[in-house]
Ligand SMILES: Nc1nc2c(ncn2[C@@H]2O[C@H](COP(=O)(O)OP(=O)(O)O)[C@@H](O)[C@H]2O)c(=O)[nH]1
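Here you get one chain, nothing else, as structure tokens; it is the form predicted on its own.
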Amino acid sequence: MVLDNLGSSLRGSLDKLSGKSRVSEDDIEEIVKEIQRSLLQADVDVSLVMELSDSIKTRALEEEPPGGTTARDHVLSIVYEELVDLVGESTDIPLENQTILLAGLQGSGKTTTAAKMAWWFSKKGLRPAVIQTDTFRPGAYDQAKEMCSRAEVDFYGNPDNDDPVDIARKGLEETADADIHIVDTAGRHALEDDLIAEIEEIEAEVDPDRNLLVLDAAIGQGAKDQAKQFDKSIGINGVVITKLDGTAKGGGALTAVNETDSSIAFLGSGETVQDVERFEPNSFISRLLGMGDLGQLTERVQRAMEETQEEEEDWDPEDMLKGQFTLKDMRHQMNAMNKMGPLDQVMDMIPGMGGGLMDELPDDAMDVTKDRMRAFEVIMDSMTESELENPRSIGASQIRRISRGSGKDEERIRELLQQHKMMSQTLKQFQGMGQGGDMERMMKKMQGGGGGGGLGPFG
């Protein structure tokens, strides 16, 4: 995740303040140095780093902690507020009719971003359309068409037309019924004059409401020149940071935001159209500091459950709280979990589960969990309808047969059955709570882990 090293180092420094009623100048100096080191390593501009660290140091030494607040929590609050101020507000993108133009160099992820943004708007109840004007890069049209097909959104492009301005004009005409128009432009390997001239002509033709600069999170200090040139040519209203699923540092994007006096609009990670989220500074910094993001988590859970229900019309998640919890229900739940996005991102959103705890996990921990889920699915595919409906009836001979059919060890099958049993016991404690409105009790049980079911198939 962008600036992830900052989060890790800060949590370590802040933990040293635990139990202290007051902080010394040496304590603050150590934290400020960690912030400076991490931000500079992440390619954030030096002037921004010094401005932030000076502000944190001054506030931490001069402000009195509110009554009942520990020194650690007070400093954490200051760091949180200053980091939120550093990344700025989220780009204003109302849910209404508008045209958005995407700019950026080749390889920045514009085409993927266009489809991801269109998918995001479609989930908000709007009808988006992507217009592909890149006539320079081979395969741009095919990639855009395929991505928009996955996103199930309208698309216009013409591989036989080599005039990007004409494509943009006709694209707006052909997709006139759409609420949102996202115009994807061509990129180059550098800021050539012809790229700038072309995008200026397209911008004049489509008259967009917003121009977003798409930046690879790994760009580093090169973001400053990019941002300055594009802002001078067409004006930049916001930045989209892409490829946050790798080892990218991401600091260059913050420099670009500062250079264009704009803000961050979206964050992109992963290869699927669902791997995108609206940038919310409070949530972003909260996750960075290991404080979780329940708002984003709730949105993902609701969306995943709705999509799973749409695909599997015979399943109603509320049935799990009314009757017997079957292996079919467990598989539906796993499918919904898969739709929530990369597991490490989801864990980051759970207070206490991200941050330091995630740092302590082995590098392959998430891969192991994914493999475990896939193994469970293969095993369930080898079961009969009766076994899926009544897993308690599965005996030793059936386990041997399922093992042969699935190619999985008998121990893995017993592990699946044990996991199902724990989840079933947890759900039984929730049965009836929804009807009685005792949501507080339900939340306490969920936070406490219920009957040991934990994170279900993830645990």
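Owing to the predicted nature of the structure, the values given are computational and were not obtained by experimental measurement. Sequential numbering from 1, following the sequence displayed.
Unshown form predicted in complex with the named molecule; subsequent notes refer to it.
*Asks:* Would P159 count as a contact of the named molecule in the model of the complex, using a 4.5 angstroms cut-off between non-hydrogen atoms?
*Replies:* Flag for P159 set to no.
*Asks:* Given that the named molecule is not shown alongside this chain, does S386 nevertheless sit within 4.5 Å of it in the model of the complex, heavy atom to heavy atom?
*Replies:* Answer no; every heavy atom of S386 is more than 4.5 Å from the named molecule in the model of the complex.
*Asks:* Decide whether H181 counts as a contact residue for the named molecule in the model of the complex under a heavy atom distance cut-off of 4.5 Å.
*Replies:* No, H181 is distant from the partner.
*Asks:* Can you work out whether G268 and the named molecule are in contact in the model of the complex, taking contact to mean some heavy atom pair no more than 4.5 Å apart?
*Replies:* Taking the distances in the model of the complex, the answer for G268 is yes, it comes within 4.5 Å of the named molecule.
*Asks:* Since exactly one of Q98, Q274, N335, Q143 fits, which has a heavy atom within 4.5 Å of the named molecule in the model of the complex?
*Replies:* Flagged contact: Q143.
*Asks:* To verify the annotation, which of these, T255, N237, S108, Q226, has a non-hydrogen atom within 4.5 Å of the named molecule in the model of the complex?
*Replies:* Going through each option in turn, the one that passes is S108.
*Asks:* Using a 4.5 Å heavy atom cut-off, indicate which stretch of 79-87, 327-335, 108-116, 191-199 touches the named molecule in the model of the complex.
*Replies:* Single hit among the candidates: 108-116.
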